[in-house]
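In structure tokens, one chain follows: the form predicted alone.
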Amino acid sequence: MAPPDNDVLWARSLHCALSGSDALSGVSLGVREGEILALVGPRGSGKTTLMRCLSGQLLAQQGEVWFNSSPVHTLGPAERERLRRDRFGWIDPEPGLVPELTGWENTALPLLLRGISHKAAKTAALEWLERLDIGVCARKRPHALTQSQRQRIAIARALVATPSVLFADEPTATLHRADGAQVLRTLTAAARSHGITVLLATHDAEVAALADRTVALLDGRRVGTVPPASGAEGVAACSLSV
């Protein structure tokens, strides 16, 4: 069965076990082009595993994943790596910058790895740093920057090649609430202005509220709501919108 034409990503009946435990149990999902979709649920609910399957980093033991009506689950490792490099962007909770490189060099890295000229890559990197209000960080190395600035550079690096889909895995988990809120507003505005589809994994209901639609996971399954939990791990009754 082919996915709907307006779904840039589509998964059916994904089953994935990690270290002998079920990480995903029959999860199906469709993501429309240009949509910002929040995956919500407590840590351990399967959000990261689902995004890794959708991006081709991880192959589910059962089920299908399609990108733009092409099957990802049948691709070999080299083809999946090329897909991630050319069409997808990824943001982790930690910036993961190269310490020896400046802000613009870290941002330009995906373009340079594609063989884009040094001049063109630098121009694009500087433009994105300015859009994210961190142009002053272009010539500084990561050790001289705040955590918020480093994470913004990581976001610029993920956006610089204008990916079809951006996977953001708890992108503000290490930031103070005010910094995190501003980073998320900047990320979502940049994605909308460039028509980038975003999958945003979060356990924070305020972060999820920035998305167009929410899908809730619990114990590796899609659920209607996620019950509140105590402390920072909780998601306050995030509704599932199909």
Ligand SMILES: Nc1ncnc2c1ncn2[C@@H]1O[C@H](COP(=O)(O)OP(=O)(O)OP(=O)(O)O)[C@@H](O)[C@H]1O
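Quick caveat, the model's predicted, so the values are computed rather than measured. Counting begins at 1, following the sequence as shown.
Although not depicted, the form predicted in complex with the named molecule is the subject of the following passage.
Handout entry: Contact residue in the model of the complex, chosen from Arg213, Arg43, Arg32, His194 - any heavy atom within 4.5 Å of the named molecule
Key = Selected option: Arg43.
Practice task
Among 65 to 73, 184 to 192, 43 to 51, 171 to 179, mark the stretch whose residues have heavy atoms within 4.5 Å of the named molecule in the model of the complex.
Solution key: Partner-contacting stretch among the options: 43 to 51.
Exercise for the section: Mark Leu9 yes when one of its heavy atoms lies within 4.5 Å of a heavy atom of the named molecule in the model of the complex, and no otherwise. Expected result: Although the named molecule is absent here, Leu9 would stay clear of it in the model of the complex, with no heavy atoms inside 4.5 Å.
Practice task
Flag Leu14 as yes or no: does it have a non-hydrogen atom within 4.5 angstroms of any non-hydrogen atom of the named molecule in the model of the complex?
Solution key: Although the named molecule is absent here, Leu14 would stay clear of it in the model of the complex, with no heavy atoms inside 4.5 Å.
Problem - Proximity of Leu18 to the named molecule in the model of the complex, heavy atoms at 4.5 Å - result: Contact check for Leu18: yes, within 4.5 Å of the named molecule in the model of the complex.
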